[in-house]
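Below you will find one chain, with nothing else, as structure tokens; this is the form predicted on its own, and questions on how it binds or moves follow later.
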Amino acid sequence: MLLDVQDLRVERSVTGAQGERGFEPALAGVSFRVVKGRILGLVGEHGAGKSLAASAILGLLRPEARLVGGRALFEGQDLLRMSEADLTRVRGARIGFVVQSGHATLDPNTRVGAQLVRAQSIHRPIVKAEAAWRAETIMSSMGIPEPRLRAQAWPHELTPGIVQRVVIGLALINEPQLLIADEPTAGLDITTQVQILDLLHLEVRRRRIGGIIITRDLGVVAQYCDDIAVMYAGQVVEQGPVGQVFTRPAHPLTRAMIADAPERLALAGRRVGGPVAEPADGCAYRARCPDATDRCLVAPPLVGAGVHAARCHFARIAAA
């Protein structure tokens, strides 16, 4: 097992009606696994907690959020118990991270090639000439034309698609074992989205590493992922192999997402559903669930058979 996230819990600060400060659950016991050589699609509506889970694992929570509990075992070591110094050595070296906005990732005051060189020197002793050669090499492998010329460019001189390829190169240049991509095609045109996703998929397969793609698009999961974890209101409500979950969805939310946009299982996406409900006692999805009964006032357990599981009182999951 490359990454084993267990009962991850995060709270966020809130301000009450009288101005008092407090905390409320943001992630309520999130668990999922990533296997080497496979890609997990972490999918859900806006606000479900997908990006928050990745930030918590990588020690990148914003000041208004705090880690409450859980484990995130990466290659046998708990990321949540690491010192900041140790975690800094893991980020960018053993774990690569691709964020939504490539231009926000890159330093606008540093040429692209120099940023790729710097990413290497942070994590290993390396001669500058070798680092520059490796920078040009990975830019070429990312499909960037004229990599030597592009290495001398400033980020603002590059198109969004090229910038995102540079960001993926930054995430991979130190040969990590896990690649996390958080909405990696946000803001890109459809053609460039497909190219970027094809590139991510190819690199994970070619390098035989593990991958996580965070998305709201079931079409992306269907085409590029091996496993799926569906999130809602800070919980994983269903998870399993993509083919099994799509063929026999066990949670009402998964069924609704598939029914809402079946064409998206082959094409590129749009947002599914409305705002995410706040976590509450019982099943957080019950206000929108057509199958809800009084039984749903009690929090549902995780029901499963093998690797396929759903957090629903009425889940019926056949053994694979």
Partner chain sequence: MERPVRALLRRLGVGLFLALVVVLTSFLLVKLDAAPSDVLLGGPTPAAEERAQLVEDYGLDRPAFVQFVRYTIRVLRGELGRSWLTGDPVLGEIMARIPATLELMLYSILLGTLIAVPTGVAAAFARNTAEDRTVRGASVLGEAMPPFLLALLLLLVFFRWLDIAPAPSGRISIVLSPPTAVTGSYFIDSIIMQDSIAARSALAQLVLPVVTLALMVGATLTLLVRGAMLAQMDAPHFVYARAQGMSREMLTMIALRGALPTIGAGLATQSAALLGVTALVEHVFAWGGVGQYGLEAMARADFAAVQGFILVSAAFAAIMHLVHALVRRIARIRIRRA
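Residue numbers count along the first chain shown, from 1. As the structure is a computational prediction, the values presented were derived from the model and not from experiment.
Another form exists, predicted in complex with the partner chain; not displayed. Remarks below refer to it.
Spot the stretch among 237-245, 200-208, 143-151, 107-115 with residues whose non-hydrogen atoms come within 4.5 Å of the partner chain in the predicted bound form. In short, 107-115.
In the predicted bound form, does residue 134 come within 4.5 Å of the partner chain, counting heavy atoms only? Flag for residue 134 set to no.
If we define contact as a non-hydrogen atom of the residue within 4.5 angstroms of the partner, is residue 167 a contact of the partner chain in the predicted bound form? Although the partner chain is absent here, residue 167 would touch it in the predicted bound form, with heavy atoms inside 4.5 Å.
Though only this chain appears here, would residue 158 touch the partner chain in the predicted bound form if you measure heavy atom gaps against 4.5 Å? Outside the cut-off, so no.
Applying a 4.5 Å heavy atom distance criterion, does residue 177 contact the partner chain in the predicted bound form? No, residue 177 sits far enough from the partner chain in the predicted bound form that none of its heavy atoms falls within 4.5 Å.
Three residues, 252, 286 and 291; all within 4.5 Å of the partner chain in the predicted bound form via heavy atoms? Not a single listed residue reaches the partner chain in the predicted bound form, so no.
Tell me, which of 218, 162, 119, 72 has a heavy atom within 4.5 angstroms of the partner chain in the predicted bound form? Of 218, 162, 119, 72, the residue with a heavy atom within 4.5 Å of the partner chain in the predicted bound form is 119.
Between 79, 233, 171, 214, only one gets a heavy atom within 4.5 angstroms of the partner chain in the predicted bound form; which residue is that? Filtering the options by heavy-atom distance leaves 171.
Members of 52-66 lying within 4.5 angstroms of the partner chain, judged by heavy atom, in the predicted bound form: Counting only heavy atoms within 4.5 Å of the partner chain in the predicted bound form, the contacting residues of 52-66 are 59, 60, 62, 63.
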